[in-house]
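Below you will find one chain, with nothing else, as structure tokens; this is the form predicted alone, and questions on how it binds or moves follow later.
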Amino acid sequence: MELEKVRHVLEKCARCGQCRARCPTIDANDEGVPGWEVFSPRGRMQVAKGLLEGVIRPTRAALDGLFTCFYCNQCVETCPSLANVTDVVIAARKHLVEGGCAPASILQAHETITGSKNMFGLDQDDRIELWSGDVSDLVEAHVGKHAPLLYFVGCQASFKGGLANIPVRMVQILDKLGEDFTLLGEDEVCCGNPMELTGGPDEGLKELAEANVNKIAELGVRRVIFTCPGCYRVFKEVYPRLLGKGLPFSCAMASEYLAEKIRSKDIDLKPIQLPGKVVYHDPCELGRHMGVYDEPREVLRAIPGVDLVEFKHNKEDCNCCGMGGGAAMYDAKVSDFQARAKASDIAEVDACSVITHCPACFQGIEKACGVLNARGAGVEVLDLVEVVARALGIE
């Protein structure tokens, strides 16, 4: 039983309430005021404990609390008892899925990913076609070839047209730097991150892991690069557990790879012009979950013309954009409310550009910028690789 595995974590909770101060979902509602306890980390711990002990039934209130968690990990950062609340949330979600009590939207998402091998239910033939139009010749030359380096695109950037610039710029950067790289193309399947976050069964996740790892190994790849923190985290932390062994290749976010190039002076970054101040948003899965804070900033500071400033709450303390944890799959309104809160952070630093390093965060920050731009602010959101591409003269 999944909840039994985290009983020791549940017993760490002293119910002190310190986690409430930084949890974004407790006031992600129409009124913008603290909501019911079930929307706080402490409340979620109590719901999970009640489910484990059989004294709480999977009511709508329980589902609302557990499935609106953004998986931002703020609670873990602030907990004086060192209780990993997010582990408990995932275990509770898995408990509900196994018991057939999970929300219909979540179960449908699991079915879609299992059936189509991507989170959108689209044809795998479109995994390359939908983003590579402007660089089709370059992409076709690299799909399925044996190479030491592989770029894993991920579902979001592959299938959502508004994110196409991320993989386009990444392959152009790799080409510009003379890398011998490969792409899986239609053989790339969902990494499993949306399923894992929402309590999907391990059997389905393992099937996805085996498909990706085996295909990558067939191509003789020694290193995989990601532009999605969710894919990165799942490959590095979840796949070894599911497969019972280490991966036959190393994993790196694009920022880690680019920071190495900067240190070794193997990249020539030219001055660029961005209007006004630039602020970097730390994705929750990349920052608080994987500890990658410095490399994106190192890359941005190496580009002449970038006036980098920081949010009041940054790095370990950075406020979530509202797109994490599968919460938007369950209740999009909660995600939208958090985007409005993030808009206040952006306005506070008076930045003209917000840089992030995550396809999901790109969408959350885009919502936040939309709130500001409706007031005439004129703020744009860019992915880190888009900025680097400009500095390399890639148009």
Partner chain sequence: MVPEEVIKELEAAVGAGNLSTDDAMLYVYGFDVSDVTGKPDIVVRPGTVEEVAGCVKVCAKHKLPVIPRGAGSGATGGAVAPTGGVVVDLTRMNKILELDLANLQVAVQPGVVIDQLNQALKPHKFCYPVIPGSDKMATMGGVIANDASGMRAFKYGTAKDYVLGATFVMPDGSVVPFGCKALKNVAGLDLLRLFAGSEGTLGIMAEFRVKVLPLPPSRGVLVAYFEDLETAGKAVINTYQAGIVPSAVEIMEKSALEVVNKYRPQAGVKVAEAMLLFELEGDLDFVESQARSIGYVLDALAVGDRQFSADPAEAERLWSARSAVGAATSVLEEGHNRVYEGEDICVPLTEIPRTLRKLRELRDKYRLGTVIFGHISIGSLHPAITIRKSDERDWKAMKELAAEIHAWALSVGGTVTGEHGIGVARKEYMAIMHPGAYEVMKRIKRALDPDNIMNPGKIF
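Numbering follows the first chain given and starts at 1. None of the values given here were measured: they were computed from a predicted structure.
There is another form of the same protein, the form predicted in complex with the partner chain; it is not shown, and what comes next is about it.
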Looking in the predicted bound form, is the partner chain within 4.5 angstroms of a heavy atom from every one of G276, G305 and D350?
no
Just one of 44-52, 365-373, 322-330, 340-348 has residues with a heavy atom within 4.5 Å of the partner chain in the predicted bound form, so point it out.
44-52
Can you check whether P80 is within 4.5 Å of the partner chain in the predicted bound form, heavy atom basis?
yes
Check V38 for me: does it contact the partner chain in the predicted bound form (non-hydrogen atoms, 4.5 angstroms)?
yes
Just to confirm, V334 within 4.5 Å of the partner chain in the predicted bound form by heavy atoms?
no
Give a yes or no for G17: in the predicted bound form, does one of its heavy atoms lie within 4.5 Å of a heavy atom belonging to the partner chain?
yes
Out of 47-75, which residues reach within 4.5 Å of the partner chain in the predicted bound form, heavy atoms considered?
V47, K49, G50, E53, V55, I56, R57, T59, R60, A61, A62
